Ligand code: GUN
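Next comes just one chain, in structure tokens: the form predicted alone.
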């Protein structure tokens, strides 16, 4: 097949704005040469076109091309209960989340939920997600089947617990190990799927369950690990009571041998200094979920303390504790949260928001060599944001004076409606209705100011 040369105004962050003031890279009239799903050249469109006259050109004028979003904490079973406002975490779990999760024992229902969930990801421009799965093995097999059909990159696993939930969501250490092993052997590393060992949280996972999870990670050392930590004050206190021999919440995972480079712990709102030091020592990631933390009243995320301790941070939507799949909205809420913290917060720039939504997530999943930016050799995972004609965002973008202002406008005003096309590994996985069947966009000037 002939390569495709994408012409677009594009931005990406190949490095972290937290450590590199020049992290935001911008191409006003850029070109990305894609062959076999990989970026083989990147730079000025005119120069790339001159060197590659045989390439098929796709003109993405009138919008902005960004790397595909990476969501590092999102719940597959909860897509249909988004919007359970007015409750703290444990009440919300009991009244909203757990009854819905029990319904996934029905395979027909589980497949329908998987379709809804995966569509929610791709139509919002999310190309890779670390997915909190179902408590039912059958539902997880269906999830991986449906994910493969969409073409999305997913890291997901069976959720295991043996206490303090509904009885039908409980398992045993022996079954947790056996079912996890079967799913890993069937799905991990197949196509774009990876497996994540997933105890729900120490509140509902005994030492036996955590040991079963550790056994899987020892047997399959390249799988991922994810769970929750320090989300809600009442939750933290209950975990302390359940594990009187542990130093703190993190120590419940650490003692089991569950922490490492591929460990992602969601929320981390009420984390102690000792825990932060240990998270950094193990190279764990904290998945910050600002919309969920606000909706459930969990607290303001201490980003500055995480960064000062050397803890890597990425973003997650936490559907359905969060309020939707949009990583643009998640980035905006992260910005708001740090503003509210005043001197205790981190003054986030648009470049920080882009990094947290893309490259930081790739790093959290140890996939930074494959995805997260538009570097040569990376997979072409991308989202083209082009506002509908006559929309407020279109008016905003028509009057920005810099690339940073354009990026700020996208995060401040962008929604699902502005996602026009989405690619994973060069495969187009979502196309907005007016662009279906079209190989190019109507030519308009790029919106990035030089």
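This structure is a prediction, so every number in the text was calculated from the model and none was measured. Positions refer to the first chain, counted from 1.
Beyond the structure shown, there is the form predicted in complex with this ligand, which is absent from this document and is the topic of what follows.
Interface residue remark: residue 71 is not counted as part of the site for this ligand in the model of the complex, having no heavy atom within 4.5 Å. When this ligand is considered in the model of the complex, residue 78 lines it closely, a heavy atom lying within 4.5 Å. Using a 4.5 Å cutoff between non-hydrogen atoms, residue 130 does not count as a contact of this ligand in the model of the complex. When this ligand is considered in the model of the complex, residue 89 lines it closely, a heavy atom lying within 4.5 Å. For the three residues 200, 296 and 318, a heavy atom within 4.5 Å of this ligand turns up in the model of the complex in every case. 292 is the sole member of 268, 292, 357, 154 with a non-hydrogen atom within 4.5 Å of this ligand in the model of the complex. Screening 379, 121, 93, 213 for any heavy atom within 4.5 Å of this ligand in the model of the complex leaves a single hit, 93.
Residues within 4.5 angstroms of this ligand in the model of the complex, judged by any non-hydrogen atom, belong to 228-236 and to none of the other stretches in 109-117, 228-236, 205-213, 299-307.
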